[in-house]
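Shown below, as structure tokens, is a lone chain in the form predicted alone; questions about how it binds or moves come after it.
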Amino acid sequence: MWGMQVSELLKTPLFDAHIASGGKIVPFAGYELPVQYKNGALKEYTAVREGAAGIFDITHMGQVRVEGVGALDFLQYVTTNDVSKLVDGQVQYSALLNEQGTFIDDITTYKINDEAYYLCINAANRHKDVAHLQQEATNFDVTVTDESDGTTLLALQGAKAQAALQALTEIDLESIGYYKFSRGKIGPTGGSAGGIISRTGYTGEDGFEIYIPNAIAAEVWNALLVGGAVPIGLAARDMLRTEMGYALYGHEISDVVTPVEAKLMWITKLDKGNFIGKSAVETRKSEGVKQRLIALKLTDRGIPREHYKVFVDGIESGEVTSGMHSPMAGGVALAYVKPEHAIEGDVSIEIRGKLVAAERASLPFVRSNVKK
């Protein structure tokens, strides 16, 4: 991905807006996206964590519509969570597994009604996910439509997110509960009636994710900036995500990891009936895992990074999957280690050839302020 030529990369409808705000553009998941803006990632992070609001262009994520009388049966079979528990207007965190029980992707499922659902999928996995879903759909009375190219997705996160967004929509944002959504008009000049606003996000702060047609993307983005929102790049986004301990595909979850290792059995409902990967997950659960995901916090100075080796009692045990210097918590990391080292033993992380002491931590690393 990082070796792609610029001419091969895609642009979101907000590319010019990022340039206008001083965005430093880098390749990410096949797109040209801002890693940070002119004031730097730390100030962007602070805007979200300390009482303001940040706006993220996450249009590179994929959006898939699932419709038909067989929609529920289909989603029960292809996802890990129990879709039958959803009510209209509710969102559910879930995953797509392969027959080996490992991750194709982690997703969110939006229930519009009994015969219509909306899926948000990861950018790098979009085409793989859609091909998988459309192949499986041939066995159900359902249609799977990739709407990614026509949809802009924004995340507005932070204490002032609701106030900034309310001026742009007729939807009563106060009435939208955590992991709930509403549909209606969004936009400063009448906008589009086809928008979706959900009280979701990946930062640990109150906020929303906003689905709108590409045609009004720049208008909504600029109106939110006028309303006080700060543009946020990929670097600050990853800082916020890591502090919460939220899994990221290609890091904590991948096609070699099952929900058992990744501590995601809470979205894997083995009692709901058959689904892709179920038997493999049951086998892994009964046999035991060879690695387990833990949270670590450095007790000495240093910055843990992805792929840094983790040692327990001086023995190499695993590696960091996500790591950073948290402005609020210091050096923090998520890492896979051998199961016998998940709970006991002295932990250290190798940083530039030196073992730096760490301790096991509970998640999140900093306080979550999501509005539940």
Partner chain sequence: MSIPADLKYTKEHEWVRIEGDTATFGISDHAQEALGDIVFVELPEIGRSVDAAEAYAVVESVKAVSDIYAPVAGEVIEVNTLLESEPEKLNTEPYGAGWIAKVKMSGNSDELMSDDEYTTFLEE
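Because the structure is predicted, anything quoted here is derived from the model rather than measured. Positions refer to the first chain, counted from 1.
There is another form of this protein, the form predicted together with its partner chain, and it is not shown here; the text below is about that form.
> Sort through 65, 60, 325, 341 and report the residue having a heavy atom within 4.5 Å of its partner chain in the predicted bound form.
Only one option qualifies, and that one is 325.
> In the predicted bound form, which of the listed residues (82, 238, 219, 206) lies with a heavy atom within 4.5 Å of its partner chain?
By the 4.5 Å heavy-atom cutoff, the listed residue in contact is 238.
> Do all of 309, 312 and 336 end up near its partner chain in the predicted bound form, with near meaning a heavy atom within 4.5 Å?
No.
> Please name which of the stretches 48 to 56, 65 to 73, 33 to 41, 313 to 321 has residues with heavy atoms lying within 4.5 Å of its partner chain in the predicted bound form.
Correct option: 33 to 41.
> Is the gap between residue 24 and its partner chain in the predicted bound form 4.5 Å or less for some heavy atom pair?
Residue 24 belongs to the contact set for its partner chain.
> Even though its partner chain is not shown here, does residue 301 get within 4.5 Å of it in the predicted bound form, heavy atoms only?
Residue-level check for residue 301: yes, a contact with its partner chain.
> Would residue 354 show up as a contact with its partner chain in the predicted bound form if we use heavy atoms at 4.5 Å?
So residue 354 counts as contacting its partner chain.
> Is any part of 44 to 81 within 4.5 angstroms of its partner chain in the predicted bound form by a non-hydrogen atom, and which residues would that be?
Nothing in this stretch is in contact.
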